[in-house]
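Shown below, as structure tokens, is a lone chain in the form predicted on its own; questions about how it binds or moves come after it.
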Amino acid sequence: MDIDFSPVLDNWRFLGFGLMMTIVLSVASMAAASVVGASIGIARSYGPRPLTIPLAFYVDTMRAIPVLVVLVWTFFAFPIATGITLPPFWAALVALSAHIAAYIAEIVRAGIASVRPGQARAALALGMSRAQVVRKIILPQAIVRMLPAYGSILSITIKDTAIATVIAVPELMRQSETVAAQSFRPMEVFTTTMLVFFLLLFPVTRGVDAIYRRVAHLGRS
């Protein structure tokens, strides 16, 4: 079997654009999911019951539906239901953010619940307000404890961007499919794609682990 990586080299700009789109989609999805997920996690921990019930339903629903189904529904069914058509990139961003936010919400809720309640009671006894207790006592410890799980979700988000190829988002996988189909070199092209994803993800996961090791003592109580 002859091996020829020239299609990869000849189309490096085309593939590089796909990599850029993957990174942009990953960062945007994770940022949006972090804001939404953290808000839901805090609201479920401290909000009134009438609010926590629909939020729990949202979290359970998103975790029960495959992300591919959410993506396809957002792109094809959402315009029919609402009359609003989203471009492929924005449909992927909305779908990934909505899906990942449910997992981040549970990470935040678990991190908050892991802090011993005695600390909150002691802080309240010293005259701190509930908001001060959450901001200065609970969240600093909870954030540190959430880092390993958050790092895992970050890597999953980057990998999940590859499914955006089904709605023609020109991310790395989509561009790789185009090059492979035109060059008839799927082994070389997809091997390169796999290597690029590894080089993208490995520093991210190791970096989060390194940060956690340096700050882990701040989450102990």
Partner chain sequence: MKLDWSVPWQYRWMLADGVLVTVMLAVLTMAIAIPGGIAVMLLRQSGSRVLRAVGAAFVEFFRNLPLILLVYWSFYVLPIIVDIQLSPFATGLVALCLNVSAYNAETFRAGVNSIRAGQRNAGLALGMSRWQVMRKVILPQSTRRILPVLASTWVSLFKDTSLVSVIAVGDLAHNALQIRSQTFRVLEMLTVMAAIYWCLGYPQAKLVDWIHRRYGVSE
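Note that this is a predicted model, so its numbers are computed, not measured. Positions refer to the first chain, counted from 1.
Separately, the form predicted in complex with its partner chain exists; it is not shown, and the next lines address it.
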Single option in L201, L9, A210, I23 placed near its partner chain in the predicted complex, where near means a heavy atom within 4.5 Å: L201
Contacting member of V72, L86, A98, I112, with respect to its partner chain in the predicted complex [4.5 Å, heavy atom]: V72
T61, heavy atom within 4.5 angstroms of its partner chain in the predicted complex: yes
Contact label in the predicted complex: Y150 to its partner chain, heavy atom within 4.5 Å: no
Exercise: M187 in contact with its partner chain in the predicted complex, heavy atom 4.5 Å: yes
Its partner chain contact in the predicted complex: T191, any heavy atom under 4.5 Å: yes
Residues within 4.5 Å of its partner chain in the predicted complex, restricted to 162 to 189 and counted by heavy atom: A162, I163, T165, V166, M173, E177, P186, M187
